[in-house]
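One chain is shown next in C-alpha cells, namely the form predicted on its own.
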Amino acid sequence: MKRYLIASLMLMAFAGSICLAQTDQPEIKDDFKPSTLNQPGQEYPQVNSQGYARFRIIAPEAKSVKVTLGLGGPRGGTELTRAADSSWVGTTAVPLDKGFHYYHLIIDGGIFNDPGTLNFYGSTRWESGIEVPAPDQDFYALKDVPHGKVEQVLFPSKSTDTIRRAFVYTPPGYDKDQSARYPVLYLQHGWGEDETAWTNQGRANLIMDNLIAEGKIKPFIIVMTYGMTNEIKFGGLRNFDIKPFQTVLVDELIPYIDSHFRTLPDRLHRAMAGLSMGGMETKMITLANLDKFAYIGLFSGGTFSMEDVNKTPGFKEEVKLAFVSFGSRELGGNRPSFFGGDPKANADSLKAAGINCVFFVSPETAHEFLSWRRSLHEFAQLLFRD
C-alpha cells in the first residue's frame, strides 16, 4: 500500500462535509424541519428543503460557539451568534451535500457534541450527526417490509488475545427455513469508525431489506467487524500494517461465522467490500486470499489497475466482480492519481481484458455516507448472481 494513497484518502475523509461556495446564492427558504437524527423532542438542528442546516445551542456563559459544518467544512464551519435569550443560533452559509454528516461544536475552544442530536462513532470519537434528505432516499428508508435482524456476536481471537465484536445482518426469513444457507458479504467501515458504522450511518440493513422486498437481490448475510484501524492516529497511517486484521478476519472471524450461521462456506459465495480505509483493507486482503473471496468492492478506497491484475495470480480466473465507486466530487482535479491511476480508465482497461469490473459514480456527493449507501445499493445487486 503506497503511503500517498493512504494519506490522501484519509485527508478526504475530513472533506466529506465541505460544501462548495456558490457565486449566486439563492434565497434561503424558511421551511426548516428538525433533522431525522435528532434526540426525541429536540427541535434543533434543522434542515430545509435546499439543504441548509440551522442550529440553536443553549450556552449562556459561552463567549463563542461554532459548528463544524458549512463553508470551509470541519476546519472552517459555521459561527453561531448570541440571540436575545442568550442561546446561540446560526445557519450554514451554503447548503450541505445530501445525506449524512458528522459534526461537533467548538465552544470557547473546547469540543462538545450537540445535545440536540444523536451520536455516531466517527473520527475516533462519538460525533453528532445530521441527515440532509436526498432525492433518492427511498432506497435506504425504513419501510413496511419484512426486516432482517442485526445481531451482535462476540468471537474469540487468539491472535490478539481478546474477545472481539462483530455485527451480523441476517435477511428476513432466516430463522424460518432452517435448511436454507446463504452467501456472506464482509463489509468494512472507514478510518476512525467502528463496526457500528454500516448500520447506524450507512443504513446497510435497511438497504438490504428494501432490495430483498423488491426482488432485486438474492438474500445474503452481512458481517461487519472492527477493522483494527483506530489505533493508528491520523497522520500516522503510513505505518499501517494489514496483517493483524487479515489474521482476525480470514483465520478467526470467517471460521466463526461459518460455524455459527448457515452460510455457503466457499469462495463463490463470499464477498468483501469496504469504504475508504475499509476499501484499502479489502483490496489488500482479497488479493492475498483469492481462494476465499470471489467478489470485491472498493467504495472510495482505491482502484484496480492492470498492474494489480498482472501481479495477482488467478485474478482473471477467480474474481467474479471487481467493483469500484466514488462520489462525483472525489474525482475532480488531480485526485485520480491518488487512487492508483484514473479509476475510470483502470476500470475500462480491466473490462477490455475480459474482467467483470464495474465503475460507479455517486452524483453530487463527496467522501461521505450517501456515496457509500449508493455504492452498497449498486454492489449488492451484482453479488452472487451465479
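In this text, residue numbers run from 1 along the sequence as written. Source: prediction; values computed, not measured.
Below: the form predicted in complex with a further copy of the same chain, not depicted.
Each of I57, I107 and P115 places at least one heavy atom within 4.5 Å of a further copy of the same chain in the predicted complex. Checking 288-296, 255-263, 273-281, 210-218 against a further copy of the same chain in the predicted complex, the stretch whose residues place heavy atoms within 4.5 Å of it is 255-263. The single contact residue among L268, M306, I111, A83, judged by any heavy atom lying within 4.5 Å of a further copy of the same chain in the predicted complex, is I111. Comment: a further copy of the same chain is not present in this chain, but in the predicted complex one of V361, I355, A62, A347 has a heavy atom within 4.5 Å of it, namely A62. Contact annotation for K149: at least one heavy atom lies within 4.5 Å of a further copy of the same chain in the predicted complex. Proximity of P26 to a further copy of the same chain in the predicted complex: non-hydrogen atoms within 4.5 Å are absent; the residue sits far from the partner. Shown alone here, Q39 lies within 4.5 Å of a further copy of the same chain in the predicted complex, counting heavy atoms only. For the chain shown alone, N119 is a contact residue for a further copy of the same chain in the predicted complex, at least one non-hydrogen atom being within 4.5 angstroms.
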